[in-house]
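Just one chain follows, in the form predicted on its own, and it is written as structure tokens.
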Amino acid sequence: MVTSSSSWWQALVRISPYTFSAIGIAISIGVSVLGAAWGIYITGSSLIGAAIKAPRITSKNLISVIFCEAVAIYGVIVAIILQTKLESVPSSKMYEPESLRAGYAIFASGIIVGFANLVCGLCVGIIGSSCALSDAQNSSLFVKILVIEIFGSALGLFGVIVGIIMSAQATWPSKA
């Protein structure tokens, strides 16, 4: 049996809540940008390849790249919101339960938003790729696949909404 002095709980409680907050904010923006870049890579490469056969698809299929870029913007917006949640706390109150809860809430919010946007970027990228390839073959499929792409893009918004709800739990102890 593990003693309480060497447990994971003791390790997590001794890490500053500001460290957890900073890691959450970094994950929110970093992983969101990674998802957007990955989606743009998938969509862009298929778009360029399909445009060789049908050059007419290039301009209207750029909407898929814009949807992927929106994923990065979601991460930036949430990172700004999370950054505004940080407040200075006296060192005597740094490890109080309220401080730990605020740090963990910002951390969890950043992880949720970052990984939801990673999956959203991949989803939109794959659907955008299939949209470009399908549009090159049959132009009547563009709008039908675009509707599916919009639903895929909603995954990122769901992550943002859950992240904002989670960050509402971040209240730091008063200075007095």
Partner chain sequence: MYGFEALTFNIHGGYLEAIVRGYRSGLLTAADYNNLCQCETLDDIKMHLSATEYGSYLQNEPSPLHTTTIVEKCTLKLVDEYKHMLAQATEPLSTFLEYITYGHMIDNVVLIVTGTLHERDVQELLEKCHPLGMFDSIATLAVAQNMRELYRLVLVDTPLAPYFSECITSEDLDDMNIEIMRNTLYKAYLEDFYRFCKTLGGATAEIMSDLLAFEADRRAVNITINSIGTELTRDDRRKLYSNFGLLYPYGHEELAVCEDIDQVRAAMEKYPPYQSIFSKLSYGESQMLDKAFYEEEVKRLCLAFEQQFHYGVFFAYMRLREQEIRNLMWISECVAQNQKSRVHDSVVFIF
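Numbering follows the first chain given and starts at 1. Fair warning: this is a prediction, and the values are worked out from it, not measured in the lab.
This protein has a second form, the form predicted in complex with its partner chain, left out of what is shown; the following refers to that one.
Peer 1: If contact means a heavy atom within 4.5 Å, which one of 28-36, 125-133, 64-72, 104-112 is the stretch that engages its partner chain in the predicted bound form?
Peer 2: Of the options given, it is 125-133.
Peer 1: When the contact criterion is heavy atoms within 4.5 Å, does Ile42 count as touching its partner chain in the predicted bound form?
Peer 2: Yes.
Peer 1: Is Lys144 near its partner chain? Define near as a heavy atom within 4.5 Å, in the predicted bound form.
Peer 2: Judged by the heavy-atom cut-off of 4.5 Å, Lys144 is well away from its partner chain in the predicted bound form.
Peer 1: Answer with yes or no whether Gln137 is in contact with its partner chain in the predicted bound form, where contact means some heavy atom within 4.5 Å.
Peer 2: Although its partner chain is absent here, Gln137 would touch it in the predicted bound form, with heavy atoms inside 4.5 Å.
Peer 1: Along 36-62, which positions have a non-hydrogen atom within 4.5 Å of its partner chain in the predicted bound form?
Peer 2: Read in sequence order, the residues that approach its partner chain (within 4.5 Å, in the predicted bound form) are Trp38, Tyr41, Ile42, Ser45, Ser46, Ile48, Gly49, Ala50, Ile52, Lys53.
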